[in-house]
Each structure stands twice: as structure tokens, then as C-alpha cells.
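A lone chain, given as C-alpha cells: the form predicted on its own.
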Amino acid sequence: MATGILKNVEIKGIACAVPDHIVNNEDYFDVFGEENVRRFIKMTGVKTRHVAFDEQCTSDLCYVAAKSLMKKLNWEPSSIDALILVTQTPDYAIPATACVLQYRLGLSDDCIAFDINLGCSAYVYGLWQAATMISTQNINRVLLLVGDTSNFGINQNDSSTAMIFGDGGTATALEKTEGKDLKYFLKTKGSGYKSIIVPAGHARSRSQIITDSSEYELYMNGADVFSFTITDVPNALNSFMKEYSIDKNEVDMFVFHQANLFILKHLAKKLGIPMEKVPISIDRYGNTSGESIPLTLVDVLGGEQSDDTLKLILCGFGVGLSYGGIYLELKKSACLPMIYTNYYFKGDVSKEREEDK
């Protein structure tokens, strides 16, 4: 597997914005039956979710998070060298939504801006990409945005997907810092690409006549995903910790992608770590795809005043099938409090900037 150490890079801050619209899964009693819903809640752990309004896009949530973080850190827009957006729900097929956000955030024309299409492993891959740019290039500051929304592409009549996904947008500020580094591993099991897929709607189906509307909706093979997660992921993590002599007993938190509670418990058991070291956010926010790791960090640490440092292993896994992990140290005070918002872009940047003043 791909492993390495990226030197002289540090996370300076993390912010997360979620919709202020809360959906309670018990509201689905009339749709799927009370017994089925209660069984679902027990298995997945998902009780409530923050779900975007129809007008809210991933970019809106990431925008709110980014503005709050830039203000907290006193980062001038002109000081940011690169903007990376990792999402599977962009504003448009083209152009890249990162270009739109570069404009909305008022960043310099000299700023690099691009999208990455990844789901559950998004944050780990995004951190690796941002840290690589800082560690190896003449780049000092990178703003990493990771988020997704589930207000389209989900079959509301399918109990396996209708009640599990929540929405959010996150911003992470990375900066060149002497003496700081992070260790990583990245892997891909592309043979399982059909395990989580939206089959239609893009180039592979452009010449086909699609009569089944479910082809445009998310399909997930739960058995395949579960088998992959409790076998391949812990094996990779154990190899990673062994390669870099990371003592799991000295790791303060293992922050996993919030797939579901059943999977998280099995991962902890496989790795031989107590659940006390595995923070849980899925009960209140749902499976928030690529942003679930930074969202969980903000949920646990948001608003902390202490500059004490935590040793963390972050691990994302899912769509692709793509997975990876990062070992780093993070100050408790790096995370802003959770932001709840109904904000969305109305198409006028000048008005948006006026509203921000």
C-alpha cells in the first residue's frame, strides 16, 4: 500500500456547518413500520440527521464553514495558495465547484482551485493531497473543503438509504509549519466499485435508454461493504501502525468514517481498541459521507480552549472501494464549535459579500 510521511505541515483549524433542518428517524414509522425503523436505528445508530433544504448545496455548507474558519484564524483571502473541494455532490457537472467557491470566498486569482470526486475516504485523501502540496511545493496555506448533501439521488422509499444519510460541509486549514508532520496510508479495491454506485446519469449510460428511475439513485450492497470494512480496513490499519511503530494504546482517538454503529463496533473489536477511543457522531448527524471525520472532530472538540495536543488516527473507507488512514497530532483548540445554518447561495456574489460584513 502507499505509505509515507509528509513533513512540515500542520492543521491549524477545522470548521463544520450542517443544515439546521433536523429529521428524526422515528418520523418514518408510518413509512416503513415502527418495528422496522426501531431495528434500523438499533443497527445503524442513526436517530436524527441534519438534512439540507432543496436550495442548499454542498458548496453553501462548505462556504459557511470556510468563512468562519478564515475569520477565526485571521487568514486573509489573498494568503491562501490553494483551495481543494472533495465531494460527490458538486453544484454542476462542469465547471469544478472549487472554482465557484474560489470566487465566492474572494480568494486570489493566483490560488489553485480544483475538485476531487471521492466519497467516504474523501477527508483522508484530501488531507494527503493538501499536505503533499505544502510539503513538496512552494505552497504555504491550503484550504481543504469536504462535504456532501443527500437531497437528491436518494430513494426515499428504500429504508436502507432513506434514513441513514446526513449532510454537512467542512473546512480545514493547513499551513506549512516546521517540525510538524503526518503519516499516511492509501489503498483502493476497485473490484468493489459496484458495491456503492449510482449506475445512470453520466457518460457510461449516455447511449442507453433508462426506463428504471432507480438507476439514477444510490445503490448500496450492504453485505459487500460490511465484509470489506471489517476485513480489509483493520488489516491495513494494523500494517500501517506496525510500519510506523504507532502504539495503539498511545493513540487518543481513532476517528473513523461514520458508516454505521454496527460497523464501528466491529472495527474497534477487530483492532482491539476500547469504544471510548472511538468518537460517535452518527447518532445525531447520520452517515455524512466524506465529511464525517472532520464533523466528528468538531462534534467532540468544537469550542475547546486547551492547546493540549491529541494523537489521532483518522480512517475513511467506502465508495470506490477506497480507503486510507492518517496519523497526526492536533491541538484540542483547533476545532470551532458546530455551525447550524439554513444559508444558501442566491446567485449574487456582491450581495453575498455584503451579507458577510
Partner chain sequence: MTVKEKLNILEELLSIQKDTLDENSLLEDIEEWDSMAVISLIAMFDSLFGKEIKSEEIKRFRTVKDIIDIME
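Just so it is clear, the structure is predicted and the values come from calculations on it, not from any experiment. Positions refer to the first chain, counted from 1.
We do not show the form predicted together with the partner chain, though everything after this point is about it.
K.L.:
Heavy atom within 4.5 Å of the partner chain in the predicted bound form: which of His266, Arg141, Lys180, Lys277?
P.N.:
Looking at the other structure, the residue within range turns out to be His266.
K.L.:
Exactly one of Arg284, Lys270, Lys176, Arg104 has a non-hydrogen atom within 4.5 Å of the partner chain in the predicted bound form; which residue is it?
P.N.:
Selected residue: Lys270.
K.L.:
Exactly one stretch in 63 to 71, 327 to 335, 296 to 304, 34 to 42 has heavy atoms within 4.5 Å of the partner chain in the predicted bound form; which is it?
P.N.:
Looking at the other structure, the answer is 34 to 42.
K.L.:
Are any of the heavy atoms in Thr231 no more than 4.5 Å from a heavy atom of the partner chain in the predicted bound form?
P.N.:
Looking in the predicted bound form, residue contacts with the partner chain include Thr231, since a heavy atom lies within 4.5 Å.
K.L.:
Is Pro95 close enough to the partner chain in the predicted bound form to count, meaning some heavy atom within 4.5 Å?
P.N.:
Answer no; every heavy atom of Pro95 is more than 4.5 Å from the partner chain in the predicted bound form.
K.L.:
So in the predicted bound form, does Phe226 come within 4.5 Å of the partner chain, heavy atom to heavy atom?
P.N.:
The answer is yes: Phe226 has a heavy atom within 4.5 Å of the partner chain.
K.L.:
At the 4.5 Å heavy atom threshold, is Tyr244 in contact with the partner chain in the predicted bound form?
P.N.:
Contact check for Tyr244: no, nothing within 4.5 Å of the partner chain in the predicted bound form.
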